[in-house]
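In structure tokens, the next block holds one chain alone, the form predicted alone.
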């Protein structure tokens, strides 16, 4: 298969460059040092990639076997509506991820890990660029009342707190967030990209292969440091303990599960040929994959702590410890565990159910919040995001807010002073007949 590269129209390309200067100021430093850190990889290029020669027939759903649409106008209106929302949400997440990672990028303990995250941020910029290209090269007027300029301006004006999906509205508190986010939240991204690779909209399907290749590096930027953290913790180092890792996993896994949408949904996307799996099926596969990651981290911790163990022996010893046995001083409490799938959920079927991290059931909001004190990072519990959750939970218990109302408020999307402070940096310049203002329409999560 051949790969085609192209760029956005000049005004949009330059708008992304201005956005980059604000939110990714270390970009030039990354490019200058690329060969030092990534000598075997092609230097990063900001453009849209399209993989030519992919399957040209719809691969699932009611239209299976029919030619894929090359233009939005060739799609049924329902399909175009769902697809437009998905592209907008995808673009939002890519730019939102950069805004989160930049907060704690400088706190990396190792230069290598810092450059990994910096590369990941540049590639997220390209992923956002790819989605903007899908919006700019086609006519979406049948499903959007806003012009292309308005839609792109709106996306580039979003800031942490106003992005489409909740996971991208949570501030990072330490470099551990950068790492665990890559391992868990970018893993959701991998699932979404894999599913969209079969999209009935040919340009979307052709956009996925290069994004998936880059997403593999993003996962490694999370998994490899987590392995190092677990091994170092076993040897008594205190930079990142297993407790810190556990609490950070507890913070991000619930948000990752919610990114798949409500467990009862997704059938429409399958029927329309946009994705091959419903939400619940993809979510279950993701959860099992994270379980394997957690087990791998525990095995690495165990082998570093008990150096006499062989790889084969460590599997059996781990199972004994997880069953409650203490082996050579290692207890179950010393290891990581998977948070229950219903834990700390605010969307979907388990929303506000008050399920503990290990599946315990709580009947009092006060008791549940005390449980969260013990299992979530202290820095996160001081955040506005957590306060909004706690307030909503108490309101649900008091009967002053329904579950549906509480879920719809999570996260509470807001912009300080009405717009991103960088908005003037990314709007169109000179060649436009009039300045385009950012849309203030409330963003809605994609189901």
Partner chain sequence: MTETTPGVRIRPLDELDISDIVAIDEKISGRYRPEVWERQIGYYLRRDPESSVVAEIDGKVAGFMLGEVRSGEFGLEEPTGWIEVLGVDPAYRGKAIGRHLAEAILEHFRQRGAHSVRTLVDEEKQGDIRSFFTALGFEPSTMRPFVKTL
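It should be emphasised that the depicted structure is a prediction, and the values quoted were computed from it without experimental measurement. Positions refer to the first chain, counted from 1.
Heads up, the form predicted in complex with its partner chain isn't pictured, but that's what we're talking about next.
- In summary, among the residues 220, 322, 316, 349, the only one with a non-hydrogen atom within 4.5 Å of its partner chain in the predicted complex is 220.
- Interface residue among 247, 278, 187, 82 relative to its partner chain in the predicted complex, by the heavy atom within 4.5 Å criterion: 187.
- Proximity of 1, 37 and 303 to its partner chain in the predicted complex is complete: all three residues have a non-hydrogen atom within 4.5 angstroms.
- In the predicted complex, its partner chain stays beyond 4.5 Å of every heavy atom belonging to residue 327.
- Contact between residue 340 and its partner chain in the predicted complex is not found at the 4.5 Å heavy atom cutoff.
- Among heavy atoms of residue 228, some come within 4.5 Å of its partner chain in the predicted complex.
- Contact between residue 216 and its partner chain in the predicted complex is found at the 4.5 Å heavy atom cutoff.
- The partner is not drawn, yet in the predicted complex one stretch among 167 to 175, 255 to 263, 268 to 276, 288 to 296 has residues with heavy atoms inside 4.5 Å of its partner chain: 288 to 296.
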